[in-house]
Ligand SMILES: Cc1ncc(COP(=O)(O)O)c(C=O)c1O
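Here we start with a single chain on its own, the form predicted on its own, put down as structure tokens.
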Amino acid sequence: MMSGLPVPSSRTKDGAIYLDNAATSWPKPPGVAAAIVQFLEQSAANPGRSGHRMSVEAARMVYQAREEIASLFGAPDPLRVIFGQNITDAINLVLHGFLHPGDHVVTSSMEHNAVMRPLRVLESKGVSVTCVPCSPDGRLDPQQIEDAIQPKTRLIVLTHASNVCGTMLPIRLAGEIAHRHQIYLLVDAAQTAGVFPIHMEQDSIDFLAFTGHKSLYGPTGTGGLVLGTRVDHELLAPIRQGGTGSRSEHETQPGFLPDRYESGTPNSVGLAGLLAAIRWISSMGVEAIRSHEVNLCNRLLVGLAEIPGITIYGTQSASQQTATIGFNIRGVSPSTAALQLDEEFGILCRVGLHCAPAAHHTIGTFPEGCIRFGLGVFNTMDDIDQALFAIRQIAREVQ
């Protein structure tokens, strides 16, 4: 791998190859599990709720996680890092807390249901939604974003990269358009945070939603929202209220950050693991991780293109997408292929609609969906070659 340092194997104990990193990354970096165990054994008190040493230590760890997130994403203030259940929680906070009846929002036809479902609910309550169509390979023309802006447009919300076929959307250009029109940009970075350079100030991102369990290589149940410097948090209403450990003399929600949005005891043990994962990413370097995944992706794309009967979706260019590849085998349903890949070849992947029906409509795979290989930093060229061998065998059987 990149630096030659020892890393966990992407093979399971029985030798299967894990290619489902777009859903949840596995394995986790060295130190993540150890950080979780250490926290549970030594400092798993409630952060910010007590004044004793264990509580103080737990609160210190949570703040360190905020600092690492802010540094990774080019955000100047760690207190503007809001932790929640996951990225879906963060996206719902912005959409339900920022938009009001009469507002207009622009989005794309490649969005995950984490965006589309809350938007459809808001649409039924008087928020107007324009879904800009992407091309069949998932690309989005920035001019179409600008053309969709109306006098009441308040927000643009875009995925940074498709979870179906990996196609990258023009986030920086969308941010420039948003700021030029005095509106805001929400970015769903589920597929890119940790594997693709993100700088909120340089990319003109106002709301950055992230999740811990994908390319940040942390535990499930972690994630959150980073508020850009243009965002007045008074304009973003919390969607839940409750105990924060602060201002306990009041029965109203605190108005300061991050407590305004962090009701209830946080997933501290998960954040301990996430902190270790982000520190590992920083030590390796996002650019080096990205380079490794581009090489893996290129090898897979080239190999798939050489197999008769394979349809590849997306850009088919490793430099223009994440290491997530959607494809189908002519004459084989995705579900049948997945079962055969698992049981006969030990290849673990995901098939179907990937919680993104709009994206599948866009690329022409609805309603059956496609096969998805989600490559990760711990995959090797040998993993790719074994996967290609399996696809060749399956495709040959139906020729």
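Throughout, we count residues from 1 along the sequence that is shown. Computed from a predicted model, the values in this text were never measured in an experiment.
Not pictured, yet referred to below: the form predicted in complex with the ligand.
Enquirer: Within 4.5 Å of the ligand in the predicted bound form, counting heavy atoms only, one of 158 to 166, 305 to 313, 273 to 281, 248 to 256 shows up; tell me which.
Expert: Correct option: 158 to 166.
Enquirer: Among the candidate residues R139, H112, R290, R80, which is the single one with a non-hydrogen atom no more than 4.5 Å from the ligand in the predicted bound form?
Expert: Here the answer is residue option H112.
Enquirer: Which residue, S204, N267, T153, T88, has a heavy atom that falls within 4.5 Å of the ligand in the predicted bound form?
Expert: That would be T88.
Enquirer: Looking at the partner-bound form in the predicted bound form, is T322 within 4.5 Å of the ligand by any heavy atom?
Expert: T322: no, not in contact with the ligand in the predicted bound form.
Enquirer: Taking heavy atoms and a 4.5 Å cut-off, does T211 contact the ligand in the predicted bound form?
Expert: Because a heavy atom of T211 falls inside 4.5 Å of the ligand in the predicted bound form, the answer is yes.
Enquirer: Using 4.5 Å between non-hydrogen atoms, is Q191 touching the ligand in the predicted bound form?
Expert: Residue-level check for Q191: yes, a contact with the ligand.
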